[in-house]
Ligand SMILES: Cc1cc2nc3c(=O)[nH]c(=O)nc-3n(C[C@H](O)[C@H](O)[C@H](O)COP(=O)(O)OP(=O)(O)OC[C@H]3O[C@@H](n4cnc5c(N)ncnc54)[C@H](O)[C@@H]3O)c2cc1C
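This document opens with one chain alone, in structure tokens, the form predicted alone.
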Amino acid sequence: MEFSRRDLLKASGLSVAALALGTTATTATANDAVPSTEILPKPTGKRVVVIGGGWGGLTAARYLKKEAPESEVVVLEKRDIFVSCPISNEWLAGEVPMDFLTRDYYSAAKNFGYQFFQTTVTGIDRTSRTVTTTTGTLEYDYLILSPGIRYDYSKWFGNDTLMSERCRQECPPALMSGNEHIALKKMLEEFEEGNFIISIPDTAYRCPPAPYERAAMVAHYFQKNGIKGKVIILDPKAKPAPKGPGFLAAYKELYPDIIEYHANSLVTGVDLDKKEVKVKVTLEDDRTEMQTISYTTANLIPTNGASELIKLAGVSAGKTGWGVMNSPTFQTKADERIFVIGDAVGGYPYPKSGAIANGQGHIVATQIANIIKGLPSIKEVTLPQNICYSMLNDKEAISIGVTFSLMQDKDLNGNDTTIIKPKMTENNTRSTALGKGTHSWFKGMMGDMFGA
């Protein structure tokens, strides 16, 4: 008897989802020789290589091919299936199926006319304009980097990579789609009682509302299933941001006996054997004190940085390695042929969200298409816009919209400079209308990237 992928997911649930997300057709070890063959023959026209098949990369690929159909567009992605981080908190709580989050890469590539390769990038040579992968090499005329984030556990474990990886596996951050989400869901389903800790970094990280939304959805799962436990949020900020009033109201009104929100509380260390976190708490008089909190299950989110590929390309700066661009475009300062979009972008007041990555993908597609077609440079740069919904239970959500504008200002030396200024509009009154809007927005985004 034959089963479709949908039948298998429904029949086997989590185990099949884990199999689908854990499988990688192309793997490499330290002993593997990197193929010297070219993935594709030399292009007859302009070739644009997109590294990263997420919200930014797929958008850029689709619309670049649409706006400059004569170009050759190639997407390189190490994963073999697209799984969305937005909406994943609902999936953790059992409110949407895995199928709702997943898409295949092949259909989009075929429908929109770009080429897709599942492979891992191992090198970028700007001089020869060549990308090296575990499959082979590939020349480019323009390169779009949309590889996402990496985790930096050095604040907790120094240079101990084994402990860092152990923490990632035992206390998965679940800001990268795949095994982390599967592991965290399994931990949630096996949870019986105790403390479920969610920690928040003290620097920029992917999707700022994500851990606050996750806390609400985990509490919803506890409530729905009669689980006796506490969801403890450890936040280095004085209040949740963004959408602070909406989250705090939901915690108080919906989950008063489940969620404990700890403001001004920064995780400074983790003892995985004792299952404890060390927390520095800043008091009202600015004094600090250290606390130790035990956990049964922990969702510990470390410092985020840009993917190592940004540094590999030589277009990053600082320890976190965010891409450095010529404001307000996404063309890097180090190389005019390389663009950075998505969560690896640095130096701008853009949240690291799916909507922003999608908007950046549209903008860069137009920028490169105009260069390829020999059109004058864009005088008025369009800025991305952000919309973000956060579910608080199975029906209600809150939201935020952010628009950006260019303004003239002075830099530290008193020179004229252009800055990007955000304007936020929050809707902190939870409603079923916003809950429905969450799924409508998500379906629209998937349609923009995948066509369905």
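Quick caveat, the model's predicted, so the values are computed rather than measured. Numbers for residues come from their place in the sequence shown, where the first is 1.
Although it is not shown, the form predicted in complex with the named molecule is what the next lines describe.
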**in the predicted complex, the one of V315, L76, A219, I368 near the named molecule [non-hydrogen atom within 4.5 angstroms]** = L76
**Asked** Of the options G354, P302, P172, G305, which one has a non-hydrogen atom that comes within 4.5 Å of the named molecule in the predicted complex?
**Response** G354
**Asked** Can you say which of 207 to 215, 251 to 259, 224 to 232, 190 to 198 gets within 4.5 Å of the named molecule in the predicted complex, counting heavy atoms only?
**Response** 207 to 215
**Message:** Within 4.5 Å, heavy atoms only: does T119 come near the named molecule in the predicted complex?
**Reply:** yes
**Message:** Can you tell me if Y105 lies within 4.5 angstroms of the named molecule in the predicted complex, counting non-hydrogen atoms only?
**Reply:** yes
**Prompt:** Any chance L64 has a heavy atom within 4.5 Å of the named molecule in the predicted complex?
**Reply:** no
**Asked** With the cut-off set at 4.5 Å between non-hydrogen atoms, does P86 touch the named molecule in the predicted complex?
**Response** yes
